[in-house]
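One chain follows as structure tokens, the form predicted on its own.
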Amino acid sequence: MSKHLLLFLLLFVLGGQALAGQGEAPAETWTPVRLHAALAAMPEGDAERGARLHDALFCASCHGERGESLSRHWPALSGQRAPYTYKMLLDYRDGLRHEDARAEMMVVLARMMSEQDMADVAAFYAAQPLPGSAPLKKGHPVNDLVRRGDPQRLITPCASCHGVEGQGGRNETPSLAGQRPEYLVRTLKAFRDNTRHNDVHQGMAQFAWDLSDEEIRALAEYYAR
């Protein structure tokens, strides 16, 4: 029996119980103080145990053997900072992130995990190299949006949080370099259209509100290159 089939059978058996609480109100939205406290309380991760959990939970079925993701449907996790991955798992578990049906699998898995499990898996991905990518080109059409933002629309530059090369910022700020472009398009549209709202004080939503579809596609291609 394939790993994919085993995973879906597992989710079918456990999904009803794990998703039974979906009708409940989600956890309180993040504030800087709450997020700081949650990340300060994050257990110390064990990357070796995280690798075993990565195999046991069939994470590679969607995210690749080392989190590199070879599918346009799922994000790359390799090289992501541990606090980012840990926060995402908390968000799935607590109902803060469930923007569409694609999230249901992650909701189920996150509710099966302890916070130590989450920290260990996060440590495993953090220990992997970032996806390979070419240097960003200064002449790219969205270079100004990335590096300087758009003051007329009150859009802050992407680089102020995600780094000049998209390498990621502090704590929970993810890397964008080498990310799957289709995933970045879905993510930016979800923030823009208010179907994803697990960002602190709507930081990403405020950035994305005024972006056009063309700008979103160009940004995704810029970072994926």
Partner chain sequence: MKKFVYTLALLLPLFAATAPAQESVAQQTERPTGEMMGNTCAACHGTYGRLGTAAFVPLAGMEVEEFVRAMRAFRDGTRPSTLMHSVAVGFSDEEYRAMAEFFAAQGTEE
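Positions refer to the first chain, counted from 1. For clarity, every value in this text was computed on a predicted model and none was experimentally measured.
One more form of this protein, predicted together with the partner chain, exists but is not displayed; see below.
Out of the listed residues R147, R72, H140, R153, R72 is the one that sits within 4.5 Å of the partner chain in the predicted complex by at least one heavy atom.
Taking a 4.5 Å heavy atom cutoff to the partner chain in the predicted complex, the contact residue among E65, D193, D46, E165 is E65.
Segments offered: 31-39, 193-201, 165-173, 50-58. Contacting the partner chain in the predicted complex at heavy atom distances within 4.5 Å is 50-58. The shortest heavy atom separation between M105 and the partner chain in the predicted complex is within 4.5 Å.
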